[in-house]
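The chain below stands alone and is given in structure tokens; this is the form predicted alone.
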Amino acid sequence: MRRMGFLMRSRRTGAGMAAILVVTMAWAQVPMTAQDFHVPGTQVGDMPLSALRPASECKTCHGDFDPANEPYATWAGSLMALGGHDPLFFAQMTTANQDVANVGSFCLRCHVPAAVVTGHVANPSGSSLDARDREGVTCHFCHSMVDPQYQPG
């Protein structure tokens, strides 16, 4: 159980006295399991890591020719590429995990999608992410997505 303290101050005019009121609120973490955050689509173990190509392979053809316009340089400076490195995201996910058990795995599915393929999404803290996971939302991830409810034609 976490406790949060709030300090409120008020001053009385004329008397020169200050009253200090400290209020302590307590709450418990919402008990949830990983199954509570199950979403359709690719699950851990559905595909081998070799099926998801690293962004460095895309750079061979789509990079190193015009940093202002080439696809690789544009991606490398984007929030998609930084999804696995963004300290604000990880701070917010840590707070979310403190409030709701196991919610971090739900966050990681979008911000660090390779973690679903590697299986590291099972750790909701994100502490088991590796260099491959931290590439964020890679070129191949987006360019290989398919509609799971595909209708021919």
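Residue positions are given as counts along the sequence shown, with the first one as 1. Just so it is clear, the model here is predicted, and its values are computed rather than measured.
Only in words, not in the display: the form predicted in complex with heme C (HEC), which the text now covers.
Heavy atoms within 4.5 Å of heme C (HEC) in the model of the complex map, among the stretches 42-50, 123-131, 28-36, 86-94, onto 86-94 alone. In the model of the complex, at least one heavy atom of residue 57 sits within 4.5 Å of a heavy atom of heme C (HEC). Residue contact check for residue 61: one or more of its heavy atoms lie within 4.5 Å of heme C (HEC) in the model of the complex. For the chain shown alone, residue 110 is a contact residue for heme C (HEC) in the model of the complex, at least one non-hydrogen atom being within 4.5 angstroms.
Among residues of the shown chain, residue 117 is not one whose heavy atoms approach heme C (HEC) to within 4.5 Å in the model of the complex. Using a 4.5 Å cut-off on any heavy atom, the residues of 136-152 that reach heme C (HEC) in the model of the complex are, in sequence order, 137, 138, 139, 140, 142, 143.
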